[in-house]
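What follows is a single chain, given as structure tokens, in the form predicted alone.
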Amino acid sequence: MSEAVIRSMKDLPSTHLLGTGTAMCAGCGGLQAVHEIYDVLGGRTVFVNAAGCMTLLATYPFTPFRGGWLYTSMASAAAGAQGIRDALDVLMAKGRLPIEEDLTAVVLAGDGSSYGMGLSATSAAIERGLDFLYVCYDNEGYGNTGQQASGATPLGARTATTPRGQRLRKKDLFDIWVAHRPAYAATVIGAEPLDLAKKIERARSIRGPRLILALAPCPTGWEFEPEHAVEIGRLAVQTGLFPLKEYVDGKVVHTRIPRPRVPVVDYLAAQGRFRHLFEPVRDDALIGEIQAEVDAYWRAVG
């Protein structure tokens, strides 16, 4: 990456995240979270975008950000972030880029990349201690190509490739990152903006590998009306299905304890992807299994 390119990043034309001319879906929970994250991070950022839903935000040479944008394949975002970070460090070491003009490398990837195709490269980047922020917008499926099942698809959810409901359990990406002992990791959701903002502020103040895992309610993939996106997001937290937590200083701390917890059936029944659990015959066994797993998680938390 040339010095001229890096210096010009802050002056690139931009459009407002919620007002782009691109084909983003109405009510996108991922876009809501990314908007709130960018509000805190500001323009001194370079987004390294793994192919996915958010790729629709940028049409060369325009991006929705005032920093920079690098598009990569689904498996290569962490490697792209390494290249950007190395280029910035080399230019600053040679005095060709003032330290005050340094930029933050931010990976922007969906769950298809984060839980699957890009996990190996990401693991290697964490092991190397790469100074980058990894933002995963998790809509629990390959949303950009028709909502096929991914490693993030939850038990029981219907997708294009699991028409009778997913029988596997969702990977725990947060715990996978924590096992690497990163500098920081946190879960967030756009429907809880204050919690999100606090975590982005903390992540911004830390150097090293940092994860922001954002649950992204998806009206098209999860089958609910766009105006209910915030309600669905809050239900994910209130039922305890999506714990809000962070890993910092070697400890996991929950930033929201849902009391009282709402039954998971309220969350499941609000989405078409779980409709088969209720009709034509209610699947009390699987609904009970999902509830039992949530209950066991929070008992362990204490």
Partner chain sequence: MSRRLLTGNGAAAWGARLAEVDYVPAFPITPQTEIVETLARWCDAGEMAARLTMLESEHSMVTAAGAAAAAGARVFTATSSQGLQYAMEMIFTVAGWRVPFVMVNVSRALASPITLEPDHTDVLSARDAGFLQIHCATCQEVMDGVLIAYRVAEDARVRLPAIVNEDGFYLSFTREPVELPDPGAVRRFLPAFDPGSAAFRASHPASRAVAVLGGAPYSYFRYEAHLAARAALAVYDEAATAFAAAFGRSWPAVERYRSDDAEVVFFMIGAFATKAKDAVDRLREAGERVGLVRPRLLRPWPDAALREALAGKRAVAVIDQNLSMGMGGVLAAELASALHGHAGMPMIVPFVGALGGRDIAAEEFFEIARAARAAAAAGVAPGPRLLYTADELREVRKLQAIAHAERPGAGGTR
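Model, not experiment: these values are computed from the prediction. Positions refer to the first chain, counted from 1. What we label the rigid core is the largest C-alpha set whose atoms superpose within 1.5 Å from one form to the other.
The following text describes the form predicted in complex with the partner chain, which does not appear among the structures shown.
Enquirer: Residue 271: heavy atom within 4.5 Å of the partner chain in the model of the complex?
Expert: No.
Enquirer: Is the gap between residue 90 and the partner chain in the model of the complex 4.5 Å or less for some heavy atom pair?
Expert: Taking the distances in the model of the complex, the answer for residue 90 is yes, it comes within 4.5 Å of the partner chain.
Enquirer: I'd like to know if residue 86 sits close to the partner chain in the model of the complex, meaning any non-hydrogen atom pair within 4.5 angstroms.
Expert: Residue-level check for residue 86: yes, a contact with the partner chain.
Enquirer: Determine whether any heavy atom of residue 190 comes within 4.5 Å of a heavy atom of the partner chain in the model of the complex, and answer yes or no.
Expert: No - in the model of the complex, heavy atoms of residue 190 and the partner chain never come within 4.5 Å of each other.
Enquirer: Among 258-266, 63-71, 26-34, 231-239, mark the stretch whose residues have heavy atoms within 4.5 Å of the partner chain in the model of the complex.
Expert: Answer to the contact question: 63-71.
Enquirer: Which residue, 172, 102, 195, 223, has a heavy atom that falls within 4.5 Å of the partner chain in the model of the complex?
Expert: After the contact test, the surviving option is 102.
Enquirer: Sort through 75, 155, 206, 176 and report the residue having a heavy atom within 4.5 Å of the partner chain in the model of the complex.
Expert: Only one listed residue qualifies here, and that residue is 75.
Enquirer: With both forms fitted on the core, check whether the Cα of residue 61 differs by 2 Å or more between the shown form and the other one.
Expert: Result for residue 61: yes, a 2 Å-plus shift.
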